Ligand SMILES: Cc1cc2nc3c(=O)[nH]c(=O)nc-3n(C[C@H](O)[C@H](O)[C@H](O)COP(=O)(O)OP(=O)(O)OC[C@H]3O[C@@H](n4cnc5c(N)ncnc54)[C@H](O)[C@@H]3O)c2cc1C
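In structure tokens, the next block holds one chain alone, the form predicted on its own.
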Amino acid sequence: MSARVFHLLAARPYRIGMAATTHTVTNQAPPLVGYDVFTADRALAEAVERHTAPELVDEVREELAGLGKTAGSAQAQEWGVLANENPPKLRTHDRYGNRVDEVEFHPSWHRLLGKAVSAGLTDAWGRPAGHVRRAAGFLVWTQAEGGHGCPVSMTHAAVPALRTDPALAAEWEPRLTSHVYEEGLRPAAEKGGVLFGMGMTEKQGGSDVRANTTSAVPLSADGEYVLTGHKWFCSAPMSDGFLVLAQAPGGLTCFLVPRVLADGTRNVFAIQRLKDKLGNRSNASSEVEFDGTWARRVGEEGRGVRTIIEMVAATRLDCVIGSAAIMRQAVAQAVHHASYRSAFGGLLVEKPLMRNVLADLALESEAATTLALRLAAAYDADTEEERAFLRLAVPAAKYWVTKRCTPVAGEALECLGGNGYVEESGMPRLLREAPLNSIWEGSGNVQALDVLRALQREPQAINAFLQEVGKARGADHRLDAAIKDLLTELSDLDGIEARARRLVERMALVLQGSLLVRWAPPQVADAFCASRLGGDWGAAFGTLPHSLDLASVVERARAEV
């Protein structure tokens, strides 16, 4: 600034005062903070009540409302920001040159993870309504931050795999389902609770785990092996134990690899590097080397995929729940912004075109939430029919819901305009997180092929699926027509692999439509069937038929503060 300009400004201070008025902030939405994430989500709260025994409803509702208030607090939101702004760091050696292979996290990560564990998000197995309350809690809490949900999910999902070996289950299950979080590497027997990770993917095979080359050589003690090989993706490497696949003499086999052995020495678990990812930045994903690494066999030799498949099924369900959480938070933010922001003479939420966009997004979110909780309820029921239903419904839901997550997050971001493109809004973090669940635990093609495999080999699965969607038959003509078309597609095996994505998409939509027709308010079910099943829908969000009751759909999605 020149001396002349400075002199003029100093001589005329009233101009400074006038200039200050240009910084008055108006027409900005207040932050969506200080609210109960669970209770504000009508679709979720209704689903929990629907799938919980009457004598447990009050207890479960109170539990989830408490978690919801914490998730919606300024403190939890700050933890999510800090955990992502300060990503984990790999420390391979200590100051003396000894190999330690430790990952350091920001304190906010530990607070998020500790709250998840203490809230029972690793403990669904054996609790009354365990899967429903845990799924709802996971959907609520991961809206504060999604990255720490990875070790939570894997710890929860390790239980059914370990149950193939009763001795291992007796030793490890109480630690996995504990509500105590203790960070740091120590012998598992000395900790009040542990976390588990998973290592299946290798660089030459990806989803084709049968191409894995990591070898497992038996030791003299029964069930003990040493592993040698490389894992291309190993998430949450700070965990206490891992389920991994390796080639034993009898074929591909599942193993438990502890980070610290019973005598306190470190197992050989060399972390080569942490992945630099698009999103999910609070969570450490790594490449690891095994070189004489001690492991315990889980299940029989040569049956590794069958042993670990129950873990994969559970983590696939968490991909559905996690995507539903991202969609719900994105929609809540978009509706909240539009309810306060004025443009062209009125609130955005009252503008017909914006209302159409918001309603369309809200439909996608409610359909995902309703489906996710229905799947969780099937796990709680644990009947032969429900297990058959899950065999098809889980991969179909995983395919479709995770695919819808990214466009929902992107459109919701656009509802905030330029504000949504700014990191402070939180929307860019949601958008970066959105594609991950469609990749984790098998990408879209893997899910579609898994559905085809079940259709061809497990007739009880398609029977259970059709019985479920058929429960709404006769309630909506568009749903009835969609079910009829699906049956035609299922009967035509010509070129079925090439059109598998289309088939699985239709299966997921018909299932969502059936659930909404039975359980959602009429205006929600009507809008869903008219657009997703009736064909009266464009290629972009905001193209719902204008004659629908869109205002009610949007109001239902509002998160009251």
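Note that residue numbering follows the sequence shown and begins at 1. Bear in mind that the values here come from a model prediction, so they are computed numbers and not experimental data.
Missing here is the form predicted in complex with the ligand; even so, the following discussion is about that form.
Of the candidate stretches 334 to 342, 479 to 487, 317 to 325, 194 to 202, only 194 to 202 contains residues with a heavy atom within 4.5 Å of the ligand in the predicted complex. Put simply, of Cys234, Ala464, Leu176, Leu375 only one has a heavy atom within 4.5 Å of the ligand in the predicted complex, and it is Cys234. The contact residue chosen from Pro428, Gly206, Gly302, Pro187 relative to the ligand in the predicted complex is Gly206, the criterion being a non-hydrogen atom within 4.5 angstroms. Under a 4.5 angstroms non-hydrogen atom cutoff, the ligand in the predicted complex has Gly442 among its neighbouring residues. Within 4.5 Å of any heavy atom of the ligand in the predicted complex lies no heavy atom of Ala169. The shortest heavy atom separation between Val226 and the ligand in the predicted complex exceeds 4.5 Å. Although the partner is absent here, Leu436 is a contact residue: one of its heavy atoms lies within 4.5 angstroms of the ligand in the predicted complex.
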